[in-house]
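Just one chain is shown here, as structure tokens, and it is the form predicted on its own.
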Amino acid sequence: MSELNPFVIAQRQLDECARILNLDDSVREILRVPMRELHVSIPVRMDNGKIRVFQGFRVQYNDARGPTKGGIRFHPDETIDTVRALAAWMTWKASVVDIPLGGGKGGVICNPKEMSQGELERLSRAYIQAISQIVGPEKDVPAPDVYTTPQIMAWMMDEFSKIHQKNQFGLITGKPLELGGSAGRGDATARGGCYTIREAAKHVGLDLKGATVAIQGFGNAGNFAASLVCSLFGCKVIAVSDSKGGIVNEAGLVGEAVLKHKANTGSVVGFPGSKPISNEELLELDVDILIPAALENVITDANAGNIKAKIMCELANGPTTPEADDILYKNGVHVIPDFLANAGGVTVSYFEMVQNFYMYYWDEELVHQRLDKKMTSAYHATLQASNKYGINMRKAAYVVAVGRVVEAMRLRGRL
């Protein structure tokens, strides 16, 4: 369905922002499409000796504020429109937290769960060979995303270093610590989101100690969020879910125990002492804070009216449709939009780039301090725009981010 096409949604969000900012039509047309995209065919010899050809993409959306930056996804259902949308959102994400980067994204259509380590390594190296002419520390810096890991980043960095015949640690972020990775990168997305929750709670007058939380999605961001809202703020996580279903316990769930159960069984479902709940039911629970941390388009005009949370922090990319946004705003749900809420990842990736450039590495405490400062400043800039224009937080985040990109383009003489 075109209305759920993530790139169509990204364009609609931009169009609305352009209307609020009264941007010239020519400026809007430039910002509606990527400045560059590369489609590649990647032949890889599989373990059975046969060659299989994978399709891959790299999209560089806008580089007015600096080198493009964005993850690489290995997924069987990857599409160019998803990659385009995520590259656009990365542009706005880097801008809203005011780091000197543009937005990019990459993807390969494959199923890593059906591939051996050797096949994954050969695919990773072949992909970076295929896109090597348009990436680099001062051009476009990839990172891990869905089904890609620090190990995959290490292989890609090594392959790029071979091509250039020198170490190129700065090619990519999300690397292992031993190869120029940054302390604090593992939980950066969730931690950055938690800093915005703290600020949002002050705004809506919510006492976080004992506040109830439901989290849809128990992958990297979701499970770190479950742990951090408890350890940082004293919240009570009462429901979590994954692709197989969800669990609820009004008395609270212990994140580490749930994580161990999932590691042993493959799902949070069946956790002792919990009751089963569907992903759809979880979204509509009567909780203080809702954290969608799974897939896009899970909150639509069909269920937005049933959302009871006071604060919704979007750690997933694109979980809410534009129609749902309007309903949530009208109903007084304070939404921390995705490209603000989950910008902790790209912020610490930027910190990793900085550390790679001057070959001096920060401790975790310093990373957390600097991340907190960036996320807090970005949240308040967005809240200020929301109040100034009388618009919801997503539109406000767009106003802040797009305004900065347009100003950079104007100063560079591109407009």
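When you see a residue number, it is the position in the sequence shown, counting from 1. What you are looking at is a predicted structure, and each value in this text was computed from that prediction instead of being measured.
The discussion below concerns the form predicted in complex with glutamic acid (GLU), not included here.
*Asks:* Is Asn249 part of the interface with glutamic acid (GLU) in the model of the complex - any heavy atom within 4.5 Å?
*Replies:* Looking in the model of the complex, residue contacts with glutamic acid (GLU) do not include Asn249, since no heavy atom lies within 4.5 Å.
*Asks:* Consider Met90 of the chain shown here, and say whether it contacts glutamic acid (GLU) in the model of the complex, taking contact as heavy atoms within 4.5 Å.
*Replies:* It does: once glutamic acid (GLU) is placed as it appears in the model of the complex, Met90 has a heavy atom within 4.5 Å of it.
*Asks:* Is there any non-hydrogen atom of Gly345 lying within 4.5 Å of glutamic acid (GLU) in the model of the complex?
*Replies:* Although glutamic acid (GLU) is absent here, Gly345 would touch it in the model of the complex, with heavy atoms inside 4.5 Å.
*Asks:* Please run the contact check for Ala143 against glutamic acid (GLU) in the model of the complex: heavy atoms, 4.5 angstroms, yes or no?
*Replies:* Although glutamic acid (GLU) is absent here, Ala143 would touch it in the model of the complex, with heavy atoms inside 4.5 Å.
*Asks:* Using a 4.5 Å heavy atom cut-off, which residue among Gly181, Gly222, Pro319, Gly71 comes into contact with glutamic acid (GLU) in the model of the complex?
*Replies:* So the residue touching glutamic acid (GLU) in the model of the complex, by this definition, is Gly71.
*Asks:* For the chain seen here without its partner, which of 211 to 219, 143 to 151, 122 to 130, 158 to 166 has a heavy atom within 4.5 Å of glutamic acid (GLU) in the model of the complex?
*Replies:* One stretch meets the cut-off, namely 143 to 151.
*Asks:* At a 4.5 angstroms cut-off on non-hydrogen atoms, which residues of 167 to 188 are near glutamic acid (GLU) in the model of the complex? List them in order.
*Replies:* Result: Thr173, Arg185.
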